[in-house]
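In structure tokens, one chain follows: the form predicted alone.
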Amino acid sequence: MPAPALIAIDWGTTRLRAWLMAGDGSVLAEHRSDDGLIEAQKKRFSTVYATTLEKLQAPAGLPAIICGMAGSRRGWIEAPYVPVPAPLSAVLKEAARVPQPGADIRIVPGLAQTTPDAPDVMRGEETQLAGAGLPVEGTHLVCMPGTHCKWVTVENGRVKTFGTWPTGELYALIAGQSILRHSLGEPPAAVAASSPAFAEACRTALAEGGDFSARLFSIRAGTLLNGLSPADAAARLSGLLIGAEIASALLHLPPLPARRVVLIASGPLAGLYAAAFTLAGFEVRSVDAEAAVRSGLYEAARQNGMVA
């Protein structure tokens, strides 16, 4: 069995995912917990980190590379944003050191877009980008679904521009706090990528250029007048929001040389977005988000001389 050489951590707002890695990047052990930024602020980041090492059964003295919200202003330390345009390799090399005695712990910085008309930031997604296996040459459109979905244009290895669409947050707010919650069920039914209701709503939003607000109340009316089921109501809401996001992104991002997208996603969202992109006429290359972030963390460690 290969010897442990590195600890890699994706430290999000609510979740923490950690891996014990060998020198070649293979995974020897993993640990997942709810000790994201919110909990770590209460327990102390150093305490959560120590617990994570225990769970991984990591030998003492291993270097650690971290991405995500641990590097935010409210995190363990602030890893300053790197402004775009920026080469992904240069971003990884800017990993900030955590002042922890006797330990080499570094946090990958996020990216910042400082244009007055479209300021934006990301943390964690830059590491997924670095691990997604994008060809160095050419222009690539990348979509990373989540609570706050990121769309990124990468040109010849450099992040050129990006934007955030809070589609996941909008779905949660509408499904949990609006009048539509009575139509979707509490909690809403899971949405399948094969749902005809999802596809129909997605086509509608795409055709109408992302203007979904006029369609929202029809979900409520459909349950009252047409017997729309909670499962189909949830699928319609999801289809409207994802279709509207794609239509909106195409209006705001630079023109594309081809209708191709790299989709970095895991779980149910991967299927939903792949189906929506297919309806929009895109050629989709899917990349598993968790594999991408692991690969990006390993590359960041290599760029910073933490592994051979």
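Owing to the predicted nature of the structure, the values given are computational and were not obtained by experimental measurement. One-based numbering along the sequence shown.
Omitted from view is the form predicted together with a further copy of the same chain, to which the following refers.
The stretch in contact with a further copy of the same chain in the model of the complex, judged by heavy atoms within 4.5 Å, is 217-225, chosen from 187-195, 217-225, 87-95, 138-146.
Every residue of the trio W165, L170 and G210 has some heavy atom no more than 4.5 Å from a further copy of the same chain in the model of the complex. Listed residues S248, S266, S33, T51 were compared with a further copy of the same chain in the model of the complex; S248 is the one with a heavy atom within 4.5 Å.
Of the listed positions (I174, I77, A199, A231), a single one reaches within 4.5 angstroms of a further copy of the same chain by any non-hydrogen atom in the model of the complex, namely I174. In the model of the complex, no heavy atom of P99 sits within 4.5 Å of a further copy of the same chain. Using a 4.5 Å cutoff between non-hydrogen atoms, Y81 counts as a contact of a further copy of the same chain in the model of the complex. Contact between R44 and a further copy of the same chain in the model of the complex is not found at the 4.5 Å heavy atom cutoff. Contact check for D104: no non-hydrogen atom falls within 4.5 Å of a further copy of the same chain in the model of the complex.
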